[in-house]
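First comes one chain, alone, set out as structure tokens in the form predicted alone.
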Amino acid sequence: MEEQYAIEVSNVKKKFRIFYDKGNDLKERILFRKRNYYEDRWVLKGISFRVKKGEAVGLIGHNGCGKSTTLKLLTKILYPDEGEIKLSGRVSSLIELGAGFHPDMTGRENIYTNASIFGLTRKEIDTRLQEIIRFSELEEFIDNPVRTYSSGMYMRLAFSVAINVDANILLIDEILAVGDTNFQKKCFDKLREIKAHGTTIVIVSHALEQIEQICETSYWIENGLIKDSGTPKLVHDRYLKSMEEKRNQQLTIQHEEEQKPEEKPELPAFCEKTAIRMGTGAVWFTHAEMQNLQKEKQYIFRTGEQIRLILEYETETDGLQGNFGYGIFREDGLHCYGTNIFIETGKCIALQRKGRIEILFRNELLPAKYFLDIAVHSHDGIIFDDIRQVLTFAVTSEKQDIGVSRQETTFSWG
């Protein structure tokens, strides 16, 4: 192992034996031994990477891709079936919340137990005890049994111990998702500090922004192999785009399938199954569709692309005035945009027995998954028909800008 590296992973493979209908006791296993069928499922199929001393790297990928397994191999909780892992220095890990804590022991007692697992002597723990307690902000509860702690308090204590054992390598698996915002910021500040002092850090997280804040390199694991690696922002953009394309392939298939009327009889077939409908029913939508400029149905749009929204409706009442509108919400609930005919023109329109509304707008949203709401109201605000999350669509982009929407920007210098 070269001196400059803290971690070397060479062609590591790991499999788990998956049993089908395995007997629960000895009698069942003897009488029904043919039930003990299993398969070897390869979680890691040959991954290799090296981490320099003092470097921080992130492991990303969808659930089940092998991220956490890789981290457990690094901690020697698991061992590879093939390949080799070399580590240089003391390893500290935050793999599972409260791992190594005894619920009936106090926080103070668990500090001694947990720190000794990481290789500290009693004397070393004594010198660090007050700093561990201070950082955890659990002075008031440190002599209470940890079974009385909340998950956030568990995380505070576990993190405080892990960063105070003078480890050369720190391994973290999703643990920073727990805890309040202020303590998360405090943890990241501490990670930057110990990284500056030469600690090597490996983080597994679905919160990509966390990795981007602290890591120099990201490794994207897919189907047990490293699919991509490099600068976190660039790797994450490619990862998100790939995930979005896969998700929207499924969405496209789902949209093309006919919805069974018994599943949600109050919603027409063009709606998402998760849609919510309300209104008096004096006017009702009979169709909604998002299209590109070639009038082809589409569910994935690029930032900057024109979107054509087609709405069809019916009413049995003559003389109604209507105000049609739409709203766009990001997957996390952020209201990105909304407008209607009255906002744009200052008036409502006369409704026909069967009518069609065409809305054309330029999509300036940045890559994410979005929901579309549609509604038609009377001139005085009575809701005729309002369908929330009527359609789902996604946005992709070739650019690397961040935020909610793209703002056309020009730089000049000289």
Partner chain sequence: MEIGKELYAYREMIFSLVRKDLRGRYKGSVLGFLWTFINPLFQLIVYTIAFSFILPSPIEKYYLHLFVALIPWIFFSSSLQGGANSIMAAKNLVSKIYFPREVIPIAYVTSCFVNMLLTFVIIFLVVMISGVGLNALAIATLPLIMITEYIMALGLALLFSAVTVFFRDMEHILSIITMAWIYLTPVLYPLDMITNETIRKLFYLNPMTAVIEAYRDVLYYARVPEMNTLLVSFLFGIIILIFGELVFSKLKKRFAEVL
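Rigid core (definition): largest C-alpha set, two forms, superposition within 1.5 Å. All figures in this text were calculated on a predicted structure; none of them were measured in a lab. Residue numbers count along the first chain shown, from 1.
Form predicted together with the partner chain: not shown, discussed below.
(request) Find the only residue in T231, Q130, T121, Q249 having a heavy atom within 4.5 Å of the partner chain in the model of the complex. (result) None of the others qualify; the residue that does is T121.
(request) Name the single residue among E209, E344, E193, D104 that comes within 4.5 Å of the partner chain in the model of the complex, judging by heavy atoms. (result) Result of the distance check: D104.
(request) Decide if the three candidate residues G100, E109 and I117 all line the partner chain in the model of the complex, where lining means a heavy atom within 4.5 Å. (result) Spot residues vs the partner chain: full contact, yes.
(message) Given a 4.5 Å cut-off on heavy atoms, tell me which of 122-130, 278-286, 223-231, 298-306 is the interface stretch with the partner chain in the model of the complex.
(response) Among the candidates, contact is made by 122-130.
(message) With the partner left out here, check for me: in the model of the complex, does some heavy atom of T113 sit within 4.5 Å of the partner chain?
(response) T113: contacts the partner chain in the model of the complex.
(message) in the model of the complex, is there a heavy atom of the partner chain that lies within 4.5 Å of any heavy atom of K76, even though the partner is absent here?
(response) Yes - in the model of the complex, heavy atoms of K76 and the partner chain come within 4.5 Å of each other.
(request) Flag K15 as yes or no: does it have a non-hydrogen atom within 4.5 angstroms of any non-hydrogen atom of the partner chain in the model of the complex? (result) Yes, K15 sits close enough to the partner chain in the model of the complex that at least one of its heavy atoms falls within 4.5 Å.
(request) Check whether I95 has any heavy atom within 4.5 Å of a heavy atom of the partner chain in the model of the complex, and answer yes or no. (result) Taking the distances in the model of the complex, the answer for I95 is yes, it comes within 4.5 Å of the partner chain.
(request) Could you tell me whether the Cα atom of F135 shifts by at least 2 Å between this form and the one not shown after core superposition? (result) No, F135 moves less than 2 Å.
(request) Classify Y239 as shifted (yes) or not shifted (no) between this form and the one not shown, where shifted means its C-alpha moves by 2 Å or more with the rigid core superposed. (result) Shift of 2 Å or more: no.
(message) Tell me whether M105 is among the residues that move between this form and the one not shown (Cα shift of 2 angstroms or more, core superposed).
(response) Indeed, M105 is displaced by 2 Å or more.
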